[in-house]
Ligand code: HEC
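Just one chain follows, in the form predicted alone, and it is written as structure tokens.
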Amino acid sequence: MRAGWMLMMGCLLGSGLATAQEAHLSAPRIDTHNKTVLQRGARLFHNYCLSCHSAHFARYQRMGEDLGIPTEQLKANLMFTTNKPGDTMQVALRPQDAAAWFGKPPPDLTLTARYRGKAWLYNYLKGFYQDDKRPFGVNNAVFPDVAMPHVLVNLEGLKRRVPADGKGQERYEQISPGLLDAAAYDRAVRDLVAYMSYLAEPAGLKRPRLGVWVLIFLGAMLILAILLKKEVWKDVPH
């Protein structure tokens, strides 16, 4: 119970911090209700993120059902550490190896979109640039001195930071191409952020439809209440 309260308070505090940070970040539209978008994001997350980061509060089976991914396709393309759909999304990387390579085990990503915010994630994934002084040769504009390599570098390519101009604005220029152009990489990042937002709150995918039915039910009950009131009070003199 105590752990649950601590997790809830952490999410609430983190949400407040994320809101303050997002005021200074570009915030594109992230479509969290389009299953095609979420499927593309799942492919990116499971192939690029889940090799080091776990998502152990999420289950493959629930994700497959929510996103309309058949079990066989789920096993073939998105499950690399288990063949049981009911398992949670664990990582094959051993904690001792992670500590040796990165200094500490990479954090679990299930709730990252909740306490960091979608805008922070979007800008973070687009914020990597060349920095030969860092262990992995890259740094990040949103998370300075990040200990993580740029895992999407084969998609985006590598860019370098250009010194600030007279207006104090920094720029980045491409120094090596990736598999995707700028527009395609931007879409890939938005897809990935959408999927991570789904992981953080799977119920959010069904909430809009449920809300419509709740409103219909309340409207029907209101009509019945009005008719009942008229029936009860029709013989009462005014």
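Numbers for residues come from their place in the sequence shown, where the first is 1. Owing to the predicted nature of the structure, the values given are computational and were not obtained by experimental measurement.
There is another form of the same protein, the form predicted in complex with the named molecule; it is not shown, and what comes next is about it.
The three marked residues, Phe80, Tyr195 and Ala200, fail to reach the named molecule in the predicted bound form, with no heavy atom of any inside 4.5 Å. Heavy atoms within 4.5 Å of the named molecule in the predicted bound form are found in exactly one of 68 to 76, 82 to 90, 101 to 109, 156 to 164, that being 101 to 109. Shown without its partner, this chain lists Cys52, Ile30, Leu205, Leu180 as candidates; in the predicted bound form, only Cys52 has a non-hydrogen atom within 4.5 angstroms of the named molecule.
Contact with the named molecule in the predicted bound form, defined as a heavy atom within 4.5 Å, holds for exactly one of Ala119, Val142, Val138, Val151, namely Val151. Taking non-hydrogen atoms only, Tyr129 never approaches the named molecule to within 4.5 angstroms in the predicted bound form.
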